[in-house]
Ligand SMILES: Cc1cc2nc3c(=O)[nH]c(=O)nc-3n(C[C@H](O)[C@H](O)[C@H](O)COP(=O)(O)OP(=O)(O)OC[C@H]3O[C@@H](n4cnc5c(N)ncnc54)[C@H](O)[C@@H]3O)c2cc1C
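In structure tokens, one chain follows: the form predicted on its own.
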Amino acid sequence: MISDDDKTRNPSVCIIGAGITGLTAARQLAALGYDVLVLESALNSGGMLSAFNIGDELIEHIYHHIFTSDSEVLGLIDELGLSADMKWYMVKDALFAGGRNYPFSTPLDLLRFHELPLLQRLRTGLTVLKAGRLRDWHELESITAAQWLIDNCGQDAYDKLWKPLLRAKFDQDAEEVSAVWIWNKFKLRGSSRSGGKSIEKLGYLDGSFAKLTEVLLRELDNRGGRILYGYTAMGLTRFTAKNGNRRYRVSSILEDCSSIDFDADAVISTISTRQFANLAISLSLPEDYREKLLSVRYKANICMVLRLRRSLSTWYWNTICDQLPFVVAVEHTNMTGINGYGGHIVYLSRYLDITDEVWTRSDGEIYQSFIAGLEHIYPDFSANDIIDWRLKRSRYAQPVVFRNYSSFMPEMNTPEPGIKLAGMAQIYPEDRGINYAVRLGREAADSIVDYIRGSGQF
């Protein structure tokens, strides 16, 4: 980077991670004339929006869609000139419970869900409506999702519907997850049925959401920003420049085990809190903040993409309540159409702890178990229908939102004023998603600007 003796240089920012949060922040800062460098440990950008070619199309490794209320990402799509590619679809959902598939798209479908007593079906519908109208989520922070669902929907509704879903997402931590998490899920789903529509309306970017990444990278390059792939940040230190200014050094390692340091006036880290705690150990952060960093638990995710010769069903989203190797089956092409994929695209996903023996299984072993599960749900499905498949493992896929999460959530503004932490753990009370990742990137960039302006260095 430019020498710190150069009094006319622009402020410099190093961003760790080239996911949508990091790239949104990088674009915003580069547009203001900042000298922006993005370090990405992978060999490609996009994070959980990373994509690959299948047929004649790009598609994400992990299923994605957006809701009609997702104003942050819709605003970014408009700014990037991609609004014409934003398409909206009315989709149908299902629920697999008690060994059979139930349509689960409308309030009438809930009433027909005979796994639950009629009164609890009614209570469940009213609970979803109530959650959509709730504005002050703070009153839910000290209540577990389990207790809130039992109190509002009933014990059978919890045991047969919600408990399997919570356990599928949070494993042994399910009973301690805050009601704020499930409230947000209800709120989002309700917002996608606005305007009196009973069928859910979801959005997808024609050509995949990787288009966001492509245009962000192009704009970053046009504004003089840089991105380096295969650079894993390993250390973060503070030092005083020759002119007396506070600066930061990011030490990174490459695949060949060589190392290189980068100096900057400020840093945005978009990695997990635990990774950041290890990265910033030389900063001697206050113990209470380090405790917050280390207190956040994450679930890993395994997601398989299948390309099939024929469709499984008419449903886009099938939630699995029974004990099976995966927790959701998403038939992507029932939303978008086959387009240039050369087949029907299905995602199978599971969340788990890395201590779970499934995490250590080979891709082939996971494939076999997932296919067996798929045959159980869709009796007409055959492994002969598979054209090809791919498996993606994500180590830090889902923060666990415990009760009173806001009291121990590590703040974006770290105790080190020039360093901002902007990862999934900072998206609260909302859950992770493209919309909130964009919002967090903007907030991190704004916070950097405030710091630089207030530092008196430029």
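The shown structure was predicted, so the numbers you read here are calculated from the model rather than taken from an experiment. Quick note: we count residues from 1 along the sequence shown, nothing fancier.
This protein has a second form, the form predicted together with this ligand, left out of what is shown; the following refers to that one.
Contact with this ligand, judged by heavy atoms within 4.5 Å in the predicted complex, is confined among 109 to 117, 375 to 383, 132 to 140, 224 to 232 to 224 to 232. Using a 4.5 angstroms threshold between heavy atoms, G19 counts as touching this ligand in the predicted complex. Although the partner is absent here, S105 is not a contact residue: none of its heavy atoms lies within 4.5 angstroms of this ligand in the predicted complex. Mapping the unseen interface onto this chain, E416 falls outside it, with no heavy atom inside 4.5 Å of this ligand in the predicted complex. The shortest heavy atom separation between A437 and this ligand in the predicted complex is within 4.5 Å. For the candidate set A397, V400, A30, M409, a heavy atom within 4.5 Å of this ligand in the predicted complex is found for exactly one residue, namely A397.
Out of the listed residues W162, Y351, W315, W181, Y351 is the one that sits within 4.5 Å of this ligand in the predicted complex by at least one heavy atom. Proximity of L39, T270 and N301 to this ligand in the predicted complex is complete: all three residues have a non-hydrogen atom within 4.5 angstroms.
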